[in-house]
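The data below hold one chain only, encoded as structure tokens and taken in the form predicted alone.
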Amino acid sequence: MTREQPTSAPMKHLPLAHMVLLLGLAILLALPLLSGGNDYILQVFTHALLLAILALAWNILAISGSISLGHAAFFGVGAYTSGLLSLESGVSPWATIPLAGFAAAVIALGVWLFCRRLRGAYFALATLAFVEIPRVLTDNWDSLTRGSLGLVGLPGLPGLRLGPLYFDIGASSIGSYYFVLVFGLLLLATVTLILRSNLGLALQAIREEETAAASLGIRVQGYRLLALLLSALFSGITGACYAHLVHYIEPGMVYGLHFSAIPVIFAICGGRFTIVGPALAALVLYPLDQFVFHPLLPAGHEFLYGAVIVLAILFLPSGFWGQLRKGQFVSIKTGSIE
């Protein structure tokens, strides 16, 4: 009879998805150093972070099963609200940016009043049509918005002083980059808390089976409205930050199809029913487009987005982040959000 040798405890390995997140965060934090302070690289990644934030905001509504093609309305209203208040009244952008978010939420309430009974493709097309209302008003109300001339010379984001520390945000590309990065991490944490709360579970239930959710006492219309308002609020704040970072906006720029379609593209590629998937897709695809495809094909570089959508639908229906997480967490259909 032989004596059994003691077995060592199994070694715990960090899941691959977590390793990807930690590596990505480390790269983002060290990017100004890795890039040697190159302004162009920092500007591209600052814009990528803004698109990632917009995708995070858009996905709050998408978790409930509603697809919006009109988030450019919230983005544009936020940009113009903050831009006009700071330019005409001299109010600090730190005060106008939250107001821009609330203005976007008011627009979302109007969308809800007209579209609350619509579902699926009908809701998506209605939101797409709704973008034209603020765009036309902005384009033609010259006395208030300066029409198609746009707003020129918007003030940048002021610096912040925390005790002995002073953060120069608007005057340097590094300061702007870190501001947007911190904003994105805070929003990611906020969205994670929201979608892992009872609100998130209710939105998932509504998406999976609206009638069954209502029979369980979930107020379907109320939760869908709340998801739309939160999504619009954060989208409006993102638009306001964008306006003060680029110092110039005009109707075709902020109400364009780009800001309505790009969150949908990132959600499909990254994983529509995940939290971080759409944001990660933005941080990968936009720099890839700007650094590789734009120099090669200046007139047709955006074919990249169409190509990756086709590939994602055919081979990665849950998005690359959803595919990476598959098997590590309970399925989204059982009530958990990755």
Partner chain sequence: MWTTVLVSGITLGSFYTLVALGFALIFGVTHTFNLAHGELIVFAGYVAYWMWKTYGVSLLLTFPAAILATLVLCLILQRLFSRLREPMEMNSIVLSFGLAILLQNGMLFFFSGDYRLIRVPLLNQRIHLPGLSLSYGQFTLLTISLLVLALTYVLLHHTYLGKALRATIQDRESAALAGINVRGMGILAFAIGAVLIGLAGPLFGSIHYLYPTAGLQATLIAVTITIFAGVGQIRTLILGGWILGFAESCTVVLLGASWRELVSAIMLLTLLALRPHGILGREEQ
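Between two forms, the rigid core is the largest collection of C-alphas that superpose within 1.5 Å. Numbering follows the first chain given and starts at 1. The structure presented is a predicted model; accordingly, all values stated were derived computationally and were not measured.
Another form, the form predicted together with its partner chain, is not on view; read the next lines as being about it.
For the options 264, 169, 85, 253, the residue carrying a heavy atom within 4.5 angstroms of its partner chain in the predicted bound form is 264. With the partner omitted here, the residue from 91, 106, 152, 137 that has a non-hydrogen atom within 4.5 angstroms of its partner chain in the predicted bound form is 137.
Across the options 159-167, 227-235, 94-102, 115-123, residues that bring heavy atoms within 4.5 Å of its partner chain in the predicted bound form belong to 115-123. Although the partner is absent here, residue 307 sits close enough that one of its heavy atoms falls within 4.5 Å of its partner chain in the predicted bound form. Although the partner is absent here, residue 130 sits close enough that one of its heavy atoms falls within 4.5 Å of its partner chain in the predicted bound form. At a distance threshold of 4.5 angstroms between non-hydrogen atoms, residue 33 is out of contact with its partner chain in the predicted bound form. Under a 4.5 angstroms non-hydrogen atom cutoff, its partner chain in the predicted bound form lacks residue 291 among its neighbouring residues. Residues 309, 310, 313, 314, 315, 317 are the ones in 308-322 with at least one heavy atom within 4.5 Å of its partner chain in the predicted bound form, listed in sequence order. Put the two forms on the same core and the Cα of residue 288 is off by less than 2 Å between the shown form and the other one. In the core-superposed comparison between the shown form and the other one, residue 313 has its Cα shifted by at least 2 Å.
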